[in-house]
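Below you'll find only one chain, the form predicted alone, shown as C-alpha cells.
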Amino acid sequence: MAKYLLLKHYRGAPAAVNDVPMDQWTPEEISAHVQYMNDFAARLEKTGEFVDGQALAPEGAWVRYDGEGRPPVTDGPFAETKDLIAGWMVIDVDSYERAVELAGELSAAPGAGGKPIHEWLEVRPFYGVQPTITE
C-alpha cells in the first residue's frame, strides 16, 4: 500500500466545470457537498483505504524561527496556502492508478445547483513512494 495526498484547491488549479465559488452556494448545496465527502470517506474506511481528511479554515499565518523568543508571524506577502488549499484527504491504496481513480470520483462532489463540480484535484505521493504512471 502507498499513501497519497489528495489536495482540494480554492485557487491555483485549472477552473472546474461547475466553477461557482463555495461562498456563493446555498446552505443546502454546501450540506450536499459535505455529505458527499463524508460518504466517500466512509466508503474508503470500509475498504481500508482512508487515512484522514480535513477541510481547512481560511485563517492561518506564516511562522519561522528568527532567534530565541522571536518567532515572527506574518500574513504575507507570500502566496498564501490558506488562499489555495481548501482541504485534503490522505488515502492508502495499492497503486497510483487507484489514487487517480479515487481522485476522479472525489472530483465529482456536488456544487452549485447540485451539479458535480468536476474540480481538479492534486494527487501527491508521500515521500518514498515512486508511482508508476501509465498513460
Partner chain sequence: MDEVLLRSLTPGVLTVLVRRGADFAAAEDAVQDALVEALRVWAADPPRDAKGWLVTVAWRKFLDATRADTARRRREDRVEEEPAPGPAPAVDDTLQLYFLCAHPSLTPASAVALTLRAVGGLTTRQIAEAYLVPEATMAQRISRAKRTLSGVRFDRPGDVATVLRVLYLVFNEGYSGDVDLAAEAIRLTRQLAARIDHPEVAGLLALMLLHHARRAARTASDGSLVPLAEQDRGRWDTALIAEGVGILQAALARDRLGEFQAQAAIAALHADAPTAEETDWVQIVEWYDELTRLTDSPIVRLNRAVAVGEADGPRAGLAALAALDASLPRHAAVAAYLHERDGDPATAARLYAEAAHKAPNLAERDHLTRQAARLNARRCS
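Residue numbers count along the first chain shown, from 1. The structure displayed is predicted, hence computed values, not measured ones.
A second form of this protein, the form predicted together with the partner chain, is not displayed here; the remarks below concern that form.
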Answer key, the partner chain contact in the model of the complex at 4.5 Å (heavy atoms) among 90, 108, 30, 41: the residue is 30
field: Contact flag, residue 47 vs the partner chain in the model of the complex, heavy atom cut 4.5 Å
entry: no
Does any heavy atom of residue 22 come within 4.5 Å of a heavy atom of the partner chain in the model of the complex?
yes
| request: Please run the contact check for residue 95 against the partner chain in the model of the complex: heavy atoms, 4.5 angstroms, yes or no? | output: no
Examine residue 68 and determine whether its closest non-hydrogen atom to the partner chain in the model of the complex is within 4.5 angstroms. no
